[in-house]
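The chain that follows stands alone, in the form predicted on its own, written as structure tokens.
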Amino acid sequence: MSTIGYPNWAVDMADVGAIYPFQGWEIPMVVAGVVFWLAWHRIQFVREGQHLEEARKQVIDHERIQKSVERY
């Protein structure tokens, strides 16, 4: 199995063109990469939003603030 399009390397190297894997899959791979990139940013945005919301709730937890004030 060859991913570069040449099953046999016993050829004239002058006739060899591009030698990278998955030739002809450039456009689908770019589309998949952009979709992955956007999905990753969306997941990061949601998770960071949840983390910041939990941090905000902890900061303005009135019972914890009251206990801290009463402790001093």
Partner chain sequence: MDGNLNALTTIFTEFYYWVTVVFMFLIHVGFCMYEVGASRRRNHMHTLMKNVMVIPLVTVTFFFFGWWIYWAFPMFPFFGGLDLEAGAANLPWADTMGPNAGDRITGVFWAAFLLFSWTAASIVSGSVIERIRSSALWVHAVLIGSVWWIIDAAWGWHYGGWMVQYLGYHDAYASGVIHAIAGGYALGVITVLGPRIGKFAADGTPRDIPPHNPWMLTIGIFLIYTGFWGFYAACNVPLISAEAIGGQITGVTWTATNIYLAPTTLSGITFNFLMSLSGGLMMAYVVSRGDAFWTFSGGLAGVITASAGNDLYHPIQAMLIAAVGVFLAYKLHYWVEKKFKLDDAVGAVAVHGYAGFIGLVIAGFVLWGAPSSPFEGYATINPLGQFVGALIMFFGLGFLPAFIVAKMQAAAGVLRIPEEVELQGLDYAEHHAYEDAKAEIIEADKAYLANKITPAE
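For clarity, a rigid core is taken as the largest C-alpha set superposing within 1.5 Å between two forms. This structure is a prediction, so every number in the text was calculated from the model and none was measured. Positions refer to the first chain, counted from 1.
The form predicted together with its partner chain exists for this protein as well; it is not shown, and the discussion that follows is about that form.
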Should S68 be classed as touching its partner chain in the predicted bound form when contacts are defined as heavy atoms within 4.5 Å?
no
Even though its partner chain is not shown here, does D12 get within 4.5 Å of it in the predicted bound form, heavy atoms only?
yes
Does its partner chain come within 4.5 Å of any heavy atom of A55 in the predicted bound form?
no
Flag P21 as yes or no: does it have a non-hydrogen atom within 4.5 angstroms of any non-hydrogen atom of its partner chain in the predicted bound form?
yes
For the heavy atom contacts within 4.5 Å of its partner chain in the predicted bound form, list the residues of 14-46 involved, in sequence order.
A14, I19, Y20, P21, F22, E26, M29, V30, A32, G33, F36, W37, W40, I43, Q44
Is there a C-alpha shift of 2 Å or more at Y20 between the shown form and the other one once the rigid core is superposed?
yes
